[in-house]
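What follows is a single chain, given as structure tokens, in the form predicted alone.
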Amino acid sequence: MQAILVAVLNGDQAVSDLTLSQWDLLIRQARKSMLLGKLYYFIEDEFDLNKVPESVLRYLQSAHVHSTKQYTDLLWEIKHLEKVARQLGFPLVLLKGSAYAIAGLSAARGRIFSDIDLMVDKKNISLTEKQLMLNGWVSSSSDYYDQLYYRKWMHEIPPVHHVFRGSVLDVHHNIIPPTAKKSPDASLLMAQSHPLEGYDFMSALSPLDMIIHSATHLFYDGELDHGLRDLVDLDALIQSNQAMLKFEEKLLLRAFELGLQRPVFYALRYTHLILHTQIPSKVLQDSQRGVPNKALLKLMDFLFLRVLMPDHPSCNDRWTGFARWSLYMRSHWLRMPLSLLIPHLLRKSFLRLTGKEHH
């Protein structure tokens, strides 16, 4: 495996020493990982863009322009959501990338935004969906099973898209499904959310909960094609909060309060191992209260240290495909009891084989 992107991001490989062939591989891995825009800013901060080979620089500049355009588009959509929030009279809580961007966090620099995630109290889901519909957002799926799957078992309604602008929203009432073994009390998250400066009725999770949500999303998810991007997000979120008094201690306490200490343990472990994120040794030791047993941890290392590399052939070994499949199956097992999981997977397999899969 040759994960040169990881070596550059964690400081093991200086960009000043790259050959043209290494630059080529770096760009390919970054593009596949949705990190090309972030790589632009990393090189701008750590190196000199004027010293980047011209044939390489145009790819970085193009990614920079693309991410800037996406950020501008996001601001425009948030303004439309602000109008909806005013009509509703209660806050819409932005999640993940959109929250990082509106809050001005470093995690948003160069980021690609595929959709907008937001959360409301579960009791307000129906009212929120109706108000969004009045403003042009409609459900992306008319399939009966999809609607049932989301509304009965998931932590969100089916994605909605705007009929004119095409923007996509994922409206949540929790951060993982209620059927999951460790689904947190969403009211605890809502209670510590805070208003976003310059916006009416638009909020974001607390800084600690942003990290916990990002960790939970990554380590409960089975679609890990862009797992490295999410790990880079975690690295940026952790670094931006390390000035907080007793930050790590507060993070661990909050994780236990929400019952999500295991994904936070994985977040601290793999950002440290892969990206060399500075985590005090005492914190790494204390976080082991959420650690699996030794055999399981060895297995998780075997899987995650492969899957959290760029999803590019140059980073694969003979076990990478097995690791991705295993974590995909694990994510379903974590999210649903067997009585729901087996029929769901059988249906997905049938639809995939017949080319009729909707989600």
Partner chain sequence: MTDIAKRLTTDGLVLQVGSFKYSIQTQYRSIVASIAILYTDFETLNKDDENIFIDFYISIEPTNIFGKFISRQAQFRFDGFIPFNSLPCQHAPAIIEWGMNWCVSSQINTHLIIHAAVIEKSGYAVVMPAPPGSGKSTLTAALIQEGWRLLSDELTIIDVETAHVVPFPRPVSLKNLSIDIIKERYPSVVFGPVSTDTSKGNVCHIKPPQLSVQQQFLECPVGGVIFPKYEQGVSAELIEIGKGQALMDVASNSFNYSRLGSAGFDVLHKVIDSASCYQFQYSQLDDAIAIFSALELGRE
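Residue numbers count along the first chain shown, from 1. Model, not experiment: these values are computed from the prediction.
Heads up, the form predicted together with its partner chain isn't pictured, but that's what we're talking about next.
Of the listed positions (Val291, Leu334, Leu303, Ile27), a single one reaches within 4.5 angstroms of its partner chain by any non-hydrogen atom in the predicted bound form, namely Ile27. Although its partner chain is omitted here, in the predicted bound form all of Ser55, Ser62 and His66 have a heavy atom within 4.5 Å of it.
Contact annotation: Arg31 falls within 4.5 Å of its partner chain in the predicted bound form, judged by heavy atom distances. Shown alone here, Leu20 lies within 4.5 Å of its partner chain in the predicted bound form, counting heavy atoms only. In the predicted bound form, its partner chain sits beyond 4.5 Å of every heavy atom of Arg330. Remark: Arg324 does not count among the residues lining its partner chain in the predicted bound form, judged by a heavy atom distance of 4.5 Å or less. The candidate stretches are 294 to 302, 316 to 324, 41 to 49, 66 to 74, and the one lying within 4.5 Å of its partner chain in the predicted bound form by heavy atoms is 66 to 74.
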